[in-house]
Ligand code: PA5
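In structure tokens, one chain follows: the form predicted on its own.
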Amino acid sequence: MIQLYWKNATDKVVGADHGIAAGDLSSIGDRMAAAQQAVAGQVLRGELGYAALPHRRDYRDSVMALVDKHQPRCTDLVVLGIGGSALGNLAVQAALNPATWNLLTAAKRKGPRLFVLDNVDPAAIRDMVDLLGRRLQTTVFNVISKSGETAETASQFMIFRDLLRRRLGEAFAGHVVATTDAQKGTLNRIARQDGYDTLVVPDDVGGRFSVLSPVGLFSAAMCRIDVDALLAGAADMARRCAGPDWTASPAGMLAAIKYLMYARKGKPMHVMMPYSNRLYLLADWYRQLWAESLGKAVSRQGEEILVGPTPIKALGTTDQHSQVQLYGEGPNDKLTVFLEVKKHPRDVRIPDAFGEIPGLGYLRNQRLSKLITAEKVATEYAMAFSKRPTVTIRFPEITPGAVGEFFYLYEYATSLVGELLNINAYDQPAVELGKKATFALMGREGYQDMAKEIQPFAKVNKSYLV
């Protein structure tokens, strides 16, 4: 099981100004207990849809039924989605399959190549159209959108639907799986009209919490990832977080530390720094979860509060040579969360060479797993020396179960911090405003007044060009 190690965020290591003392924890003990009771109650009453996902056999079974149908003839799976409809898919694939997955032979993969199109960059979409070429006959498109009206996903879908219809004729519908609302919405209507296979975007699960739903499970299972183990890991973490004693819960302690660093210790920047390339995209998933859930202008009572820690991603060891200089000597306004792996999926031994060269001999016959761990501990030490707090989430191995644990850990911690900040952690009004502004600029009916409001921003004032 994954574990949270937080000694290097304490006053014993980084001092009272920047570290957490026993008194700090006790000072929020009642609030943490109330937050834990509130979130646990919401889970028991079925009010937090994400908390039920590890146990939803119906979602799992519907996914596997379509995997059984499509996987045998599928050489390429293209996911059309954005935000929560893409980041979880990318994170699961990066963590649990080789980085070279798309370069392996079909015989070695035993599953399709995976492409997740999470933007509307025109060159990227054109490149994908060109890449697929004759492989359209064996390509499946998984379009993911609850409403079907998100501009980015809708435009991608329209492009590839048209391509499929022109190339494959009436058979095109067999190459689309629509993950959308079960009863209503534009994509649901189109799916029924065209005859697509469908999966459900749960009504009670926001996009950023949806990775363990059919949104994330279909692409994972198509690419031979053990989704049962992924869900079992999340269920294990749910049990560890469910008890009344928040100090015994990894999510409870993580939430308390992050809240204290943000609210009491002057640390509004929260860095996630995996020491594994495979875990790097977990940091992308975390950034959306943390930013959309906790960045809010008003409290639950409607009072302006303007809260939210800023999530940042880094990669060990790569960013020891780019960002750590700032983290170690710049403003002491950051909490860093390391992701550490005890046993990496694969290892390499450094050759026995250059023994006569003092500056290289120490590397002879060493394993890269030892080197990357040493790099992490060295960074941890350097940060502590400079009074910079860090915590570590320790992965025994990178397995589906451990990744499932991680997802649930951060989701539950997000709910707890939302309680502590007295905000709605499940809406995203600023995102919705941006969506409406996009509709207006693209000429959607009903948004003419907003289009007029936006014109001063759309028009370039040349006096400000240099």
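Quick caveat, the model's predicted, so the values are computed rather than measured. In case it trips you up, residue 1 is the first one in the sequence shown, and so on.
FYI, the form predicted in complex with the named molecule isn't displayed, but the following is about it.
Asks: When the named molecule is placed as it is in the predicted complex, which of 121-129, 201-209, 321-329, 90-98 ends up with heavy atoms within 4.5 Å of it?
Replies: Partner-contacting stretch among the options: 201-209.
Asks: In the predicted complex, is there a heavy atom of the named molecule that lies within 4.5 Å of any heavy atom of Val431, even though the partner is absent here?
Replies: Judged by the heavy-atom cut-off of 4.5 Å, Val431 is in contact with the named molecule in the predicted complex.
Asks: According to a 4.5 angstroms non-hydrogen atom cut-off, is Gln137 in contact with the named molecule in the predicted complex?
Replies: Close contact is absent here: in the predicted complex, Gln137 is far from the named molecule, nothing within 4.5 Å, heavy atoms only.
Asks: Just checking whether Lys435 would be counted as a contact of the named molecule in the predicted complex - the rule being heavy atoms within 4.5 angstroms.
Replies: Flag for Lys435 set to yes.
Asks: Heavy atom to heavy atom, is Gly84 within 4.5 Å of the named molecule in the predicted complex?
Replies: Because a heavy atom of Gly84 falls inside 4.5 Å of the named molecule in the predicted complex, the answer is yes.
Asks: Report the residue, out of Ser213, Ser145, Thr390, Ser249, that has at least one non-hydrogen atom within 4.5 angstroms of the named molecule in the predicted complex.
Replies: After the contact test, the surviving option is Ser145.
Asks: Taking the named molecule in the predicted complex as the reference, which of Ser276, Gln288, Asn188, Gln71 has a non-hydrogen atom within 4.5 Å?
Replies: The option sitting close enough to the partner is Gln288.
Asks: Using a 4.5 Å heavy atom cut-off, are Asn8, Thr10 and Glu340 all in contact with the named molecule in the predicted complex?
Replies: Judged in the predicted complex, none of Asn8, Thr10 and Glu340 sits within 4.5 Å of the named molecule.
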